[in-house]
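Below you will find one chain, with nothing else, as structure tokens; this is the form predicted on its own, and questions on how it binds or moves follow later.
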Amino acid sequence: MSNSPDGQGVAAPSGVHAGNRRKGVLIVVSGPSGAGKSTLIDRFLREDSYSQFSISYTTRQKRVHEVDGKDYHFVDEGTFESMIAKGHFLEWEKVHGNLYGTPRAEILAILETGKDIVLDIDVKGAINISGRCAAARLIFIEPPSVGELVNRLSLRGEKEIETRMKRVEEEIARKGEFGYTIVNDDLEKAYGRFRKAIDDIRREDNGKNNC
């Protein structure tokens, strides 16, 4: 059953659990494109020193405002396929004709330092990670309505919106597989729920779980 947190504030995770140094928690944030995942994550990471963003790899073209090594690691298809063959990814898939992958070794190394990892990936990728890493905690960001999502995608200049909306329906249908669902209808309220969800996750796990 999904939770819908309403509170504010994130408690600092304990540095020790059962006499051992705390390990980080893998927090996977997902939802339809345009739901506002990046906005929530970016603000949280600016305010929280106990977590770090995991940078995914992709073969798609870099957008004007994006920075290689900050938003994504941009690589060509040959390099990506070589990384697949070497088992570099915790999960990977093709989305709208482009390949996206979540780096395994980099994530595990950061979790060992005690920092929590925040991932921003698509719904199928999030569920794949949950299947391979039982310790992962999933948060679904849902738009207030399909109509509002179409407006957001249009303002962003996204193409093939009709095709994207078919995918959105499939993604929303799977939100029940996530531990937390947050409707991003009002940014401030949604951000409060987002922080509360992570607070709850930290209290529940307290760094005891790892992949």
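Remember, it's a predicted structure, so these values are computed and weren't measured experimentally. From 1 onward, residues are counted along the sequence shown.
One more form of this protein, predicted together with a small molecule, exists but is not displayed; see below.
Contact with the small molecule in the model of the complex, defined as a heavy atom within 4.5 Å, is made by all three of 37, 56 and 96. In the model of the complex, the small molecule lies within 4.5 Å of some heavy atom of residue 63. Using a 4.5 angstroms limit between non-hydrogen atoms, residue 91 touches the small molecule in the model of the complex. Put simply, residue 121 is close to the small molecule in the model of the complex: some heavy atom of it is within 4.5 Å. The small molecule in the model of the complex comes within 4.5 Å of no heavy atom belonging to residue 51.
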